[in-house]
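Next up is one chain by itself, shown in structure tokens, the form predicted on its own.
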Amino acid sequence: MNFEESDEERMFREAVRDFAQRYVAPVWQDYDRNHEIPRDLIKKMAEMQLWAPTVSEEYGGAGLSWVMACIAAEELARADLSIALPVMYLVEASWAAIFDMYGTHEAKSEILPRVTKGDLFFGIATTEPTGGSDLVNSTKTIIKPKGDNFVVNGEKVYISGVRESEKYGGVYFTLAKEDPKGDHKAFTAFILPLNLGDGLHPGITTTLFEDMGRMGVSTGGFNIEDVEIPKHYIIGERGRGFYYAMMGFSAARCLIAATCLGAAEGAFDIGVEYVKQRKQFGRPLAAFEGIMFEAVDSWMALEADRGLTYKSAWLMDKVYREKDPNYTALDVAKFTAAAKYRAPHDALDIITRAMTWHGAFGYTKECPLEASYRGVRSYTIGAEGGAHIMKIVMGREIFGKEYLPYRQKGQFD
């Protein structure tokens, strides 16, 4: 058992930290107010091979391991406490990688080099108005073959990057059913071209929502009406889209945990430095046990979350990169769900404590911690699986799938 990073990982962390502190830290509060990450920052990310870096080198990526992808997410979030840029990073790193694994060479050659250059946003669109986590029952979007093409009809909501895709270009990993009454084996995954650089795809109309946090990246939705896509945009085998999506969710959950870990570390560092300097009743705030013990609780949570996050990334590499037969996708699902549950909740607690230490200043827009609170809160609610769903995933692996609450139907009555 070795808790040290390799020389390559350590050098990579230093490089990403230097980049993030130099180019991200000075501007994130500006784009939190302006609601748009500067294009030149995205292009700088791409030049550093930090835009969809998990994509293979053949298509312009860096072929990063999931451990290294987590390192980048952590360091970006330490620099951007609003976590807007890390959100865009983790969405692309997760879902472009799944497309790279299972997409056709023709589609990947067309799309991925533009993604890794920062010219196209690569997103995920599975949530629909009738529900998010219950994909099997809530998905109403339909895909049907039509000659050499496929036709898609439906609606997707609460999707990251809609404004950016409409303005600059973007594509989405999307799920639809070929049989509207079918189960999880009725799903087909495909690339939905929202905008390939020449305007919205015919048949697509967009809408935007205003989130409470992560203001630098948009959230929206789109209607899909008789949209035709070529057959080479189909990802993997028809009828196995559900499984590809589950793999993508595991990847995203791992990177979400790393993002929340980084934001919490940044907030913790700010809070600790403040209470060491701020004096009340003739003593630094850090000298009061009430403050010191809260800081200790925060530190312990950070250490626990770091271990859980990087174990989930290690398992991702074992299963999906090394094909190690000693571990399975269910091991990955269990640990990524645990990391995705714990890291955001602990981060919210850590940020809240640090805000409280700042007194009235902590409740102002001038304090950088309030943006971090707003951003991290999103991942305690939903995004890549709600909090309670994460517990169901873990419970399934602890007790067995026969104990899933939605499968009971009176069997224990």
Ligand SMILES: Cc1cc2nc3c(=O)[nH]c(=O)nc-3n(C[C@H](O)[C@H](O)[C@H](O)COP(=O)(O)OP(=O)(O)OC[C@H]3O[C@@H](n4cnc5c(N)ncnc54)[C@H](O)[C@@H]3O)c2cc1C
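Heads up: residue numbers just count along the shown sequence, starting at 1. Just so it is clear, the model here is predicted, and its values are computed rather than measured.
From this point on, the text means the form predicted in complex with the ligand, which you will not see here.
Figure note: of the listed segments 206-214, 145-153, 107-115, 193-201, the one touching the ligand in the predicted bound form, with heavy atoms no more than 4.5 Å away, is 206-214. Listed residues Ala267, Ala245, Ile71, Ile159 were compared with the ligand in the predicted bound form; Ile159 is the one with a heavy atom within 4.5 Å.
Put simply, of Gly359, Pro26, Pro38, Gly386 only one has a heavy atom within 4.5 Å of the ligand in the predicted bound form, and it is Gly386. Using a 4.5 angstroms threshold between heavy atoms, Ser378 counts as touching the ligand in the predicted bound form. When contacts are judged by a 4.5 Å heavy atom cut-off, Ala252 does not count as touching the ligand in the predicted bound form. By the criterion of a heavy atom within 4.5 Å, Met394 is excluded from the residues contacting the ligand in the predicted bound form.
Among residues of the shown chain, Thr127 is one whose heavy atoms approach the ligand to within 4.5 Å in the predicted bound form.
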